[in-house]
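Encoded as structure tokens, the following chain is the form predicted alone, with no partner shown.
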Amino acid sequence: MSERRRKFYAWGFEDQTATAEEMAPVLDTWHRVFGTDFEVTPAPTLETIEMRAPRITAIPAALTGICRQDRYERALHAYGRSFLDGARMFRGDFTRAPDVVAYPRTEDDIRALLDWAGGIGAAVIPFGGGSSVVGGVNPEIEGDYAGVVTIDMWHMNRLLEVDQVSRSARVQAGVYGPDLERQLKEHGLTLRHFPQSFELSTLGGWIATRAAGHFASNATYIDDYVESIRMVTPQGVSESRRLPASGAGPSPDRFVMGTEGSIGIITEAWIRVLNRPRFKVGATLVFDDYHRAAEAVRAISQSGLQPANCRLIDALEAGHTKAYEGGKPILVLGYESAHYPVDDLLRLTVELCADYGGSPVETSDRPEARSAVAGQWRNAFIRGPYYREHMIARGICRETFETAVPWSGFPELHGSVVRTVDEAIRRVTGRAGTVTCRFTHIYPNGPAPYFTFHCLPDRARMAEQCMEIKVAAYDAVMKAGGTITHHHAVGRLHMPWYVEQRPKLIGAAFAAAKRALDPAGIMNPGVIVPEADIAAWRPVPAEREAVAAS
């Protein structure tokens, strides 16, 4: 891992940006959509942002070498990377920055940090790549904590062991996506888990948030690749037995996945890896009718064909990204294999789509030389996070939300959500915006629709107005029977709807498990388990002072 510095206020490293040439067609689209020119707000600087002094002033001598309190580190770890976060960062509001940022190099460092934080009553937030779009790493904690210690896993980034016979690898949790693939490639292996955040997210973050990656069907979640997890909790180390499968009671790994740092810090995992693919084919199809296209995707999902890529993109998004400007929805398909040609699978899928009015606009058996439509959409998708700072600077809100719903409920959900968000944009901003939808993943019993909306909020209230629109969207999703999130995780943003969605008894069980593993209630409070529940049993300040003194 190089020592490149990450941008403290936007996506990427300091030596990365979307160039003026790259941004020109993007901004031209929004100039045409909104019919206006955009005044540019300067990006924040470390000198101009507002940040309170650290509340934690005494760090044990044994930990000073791995702890930082400078302005850059605290600003870098103050937010995730959603539009909501970006709007607040451009406003210069870093008042909730963590008090200490720690960079452990070993599990012993993590144990010492948790012991110290528990003793002084400080909250702890695990930090992988910081790519959360749901407030999962934001130190927005209301309880009477002594401060916030963010633990950044940057240095724990090595491939430790490879079992070629079992096709498995033991990897430290702090490894970023590109570095993981580079290390696996030396052994002829790959994980091929490519969320949009791939460049700036980590293995531990994927596991903690149950991230969904590259494949649109079959093995979609990181869950499908986890063989064993090692985690440091305030009560000690937990490590599950490495097995290909087990029917021995509730799975300890399934419990840890999705806990989002609320019970401990994932330090290592054995993962199931793959041989690198040798055969790839792809095609892009166009449909006259969006809902007929959705029916085609349902048929694909229930046929057993299991394409690696199957993204239905509505006409508006296809046009906005300049992938296809024919005013019709497109379906981007792809198959790959390390072991056998996949041309026949693609041919069968294209034939199936023809029954629903789908016709190819292009095919390719050379994905490295991507065809125009699929390549243009993919580039817009991958580069999208880099565009965000430029759009925020111009007052353009681009925000997303996603869900999953049974196929029988999709038409109602799609219609009600698009209508609700369109109305909310007009009500909140006083002018029209846009709402688009694509499928990111498909299952035999339902799709995962991913919505994007654009609007021009009041610059002084960008975050607040965006959130008002999102609340309307989330309410509509829940009313239509969808989940509050398919793969963006819960964080702090989704907690009210998550608590509503899950069974109350299970919520109580999660709180009890947290209390057993985190008796001081310091681990990412407010995520998965509400702060109010933690406050009911968390030690009072006098008790914590006695612990610290001892």
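The first residue of the shown sequence is 1; numbering continues from there. Everything numeric in this text was worked out from a predicted model, so none of it was measured.
This next part talks about the form predicted together with a small molecule, which is not shown.
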{"property": "Exercise: Ser238 in contact with the small molecule in the predicted complex, heavy atom 4.5 Å", "result": "no"}
{"property": "Contact label in the predicted complex: Glu260 to the small molecule, heavy atom within 4.5 Å", "result": "yes"}
{"property": "Ser201, heavy atom within 4.5 angstroms of the small molecule in the predicted complex", "result": "yes"}
{"property": "Contact label in the predicted complex: Val133 to the small molecule, heavy atom within 4.5 Å", "result": "yes"}
{"property": "Residue among Gly129, Gly446, Gly282, Gly358 with a heavy atom within 4.5 Å of the small molecule in the predicted complex", "result": "Gly129"}
{"property": "The small molecule: the contacting residue among Ala173, Ile425, Ala216, Cys353 in the predicted complex [heavy atom, 4.5 Å]", "result": "Ala173"}
{"property": "Among 263-271, 90-98, 244-252, 410-418, the region lying within 4.5 Å of the small molecule in the predicted complex by heavy atom distance", "result": "263-271"}
